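Next up: just one chain, as structure tokens, the form predicted on its own.
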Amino acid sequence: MSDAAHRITLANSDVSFDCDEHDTVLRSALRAGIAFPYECNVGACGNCKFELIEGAVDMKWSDAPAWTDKDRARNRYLGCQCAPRGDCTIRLRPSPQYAPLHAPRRVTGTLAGRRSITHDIEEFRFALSAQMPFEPGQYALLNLPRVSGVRAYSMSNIADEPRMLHFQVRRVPNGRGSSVLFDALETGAQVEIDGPYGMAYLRRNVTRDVLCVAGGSGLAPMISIARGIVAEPALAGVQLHFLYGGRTPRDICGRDMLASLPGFDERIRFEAAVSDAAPGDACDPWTGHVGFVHELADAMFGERLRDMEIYFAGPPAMGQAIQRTLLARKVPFEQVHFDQFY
């Protein structure tokens, strides 16, 4: 334990862990193997709230959307956004499902290369200073220069290259994080990377057929899931259906990555939907599904959705629509996997 580390104790238990001055209560707990509930890790969802019983903490982002006036009045804080000033006692209810499969670690990532995927999505490849084991579908936190706070990006590769992480990032208009990645970070630049995190990882012990639904940069974790399925011998008999949704035909991507995997068009199927097919290229008109990707999923599978293991990632509106569709089809909750970034 460093001189700047403080002891955090869970109320009414003998469980405690250390948190240094550069860490947060949530992430230091996960590093210690404690099943601290969370999802987004960036102050938006509120799933990592705890009650401060003794001691004092500093909020790194006092305007975090998930930290309300009611929370302040009740001495509740976001685990992902606060660091202790000294030893503390907190109240929270650990849940076994949040126990980390791989303890998160902080490493240095060196930008090794990048490539374009669409007009507004690029893949950034980082070489790591140390190994970071992770499960297909998980994400990491990047501490980017001149950006306040960390940014969460999902890996698109799998851990067969133990010192490489690939991130597929969409340029967000006026987005500080994506602007740095796209416009300021040059090959050879170094950033701190913290991970892995996330609960929407590939369930290797489940042999149901899989449906992956992606939109935008939600492509990354779904491609990672697909690659993980192909690489896992226990899932050799699983059929993978991969759906991608975009606004226009030029937004559609992912097929080439799946086509490079063994079993494409046999056990791996790709379909895409666009919500706006016009104006299109007269020489290459859109012949696929027109509408939203959740509608495509429902039309293709209907009641069969209840028999599938389902992973999805993408824009908030897409995620909410998929959840409504799956709820209407009475898909068991334990068969649905996504990380809540909104």
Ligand SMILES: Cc1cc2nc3c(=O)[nH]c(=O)nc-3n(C[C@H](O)[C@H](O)[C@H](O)COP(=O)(O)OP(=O)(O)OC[C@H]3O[C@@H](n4cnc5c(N)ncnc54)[C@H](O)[C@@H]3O)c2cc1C
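Note that residue numbering follows the sequence shown and begins at 1. Small disclaimer: the values here were computed from a predicted structure and weren't measured.
What comes next is about the form predicted in complex with this ligand, which does not appear here.
- This chain is displayed alone, yet in the predicted bound form one of Gly177, Pro104, Gly228, Pro249 has a heavy atom within 4.5 Å of this ligand; that residue is Gly177.
- Among Cys40, Ile310, Val57, Val274, the residue placing a heavy atom within 4.5 Å of this ligand in the predicted bound form is Cys40.
- The stretch in contact with this ligand in the predicted bound form, judged by heavy atoms within 4.5 Å, is 146-154, chosen from 90-98, 146-154, 203-211, 233-241.
- Of the heavy atoms in Phe126, none are within 4.5 Å of this ligand in the predicted bound form.
- Residue contact check for Tyr139: one or more of its heavy atoms lie within 4.5 Å of this ligand in the predicted bound form.
- Put simply, Gln168 is close to this ligand in the predicted bound form: some heavy atom of it is within 4.5 Å.
- Taking the partner from elsewhere, Ala184 is found to have every heavy atom lying beyond 4.5 Å of this ligand in the predicted bound form.
- Counting a residue when any of its non-hydrogen atoms is within 4.5 Å of this ligand in the predicted bound form, the one hit in 307-339 is Asp339.
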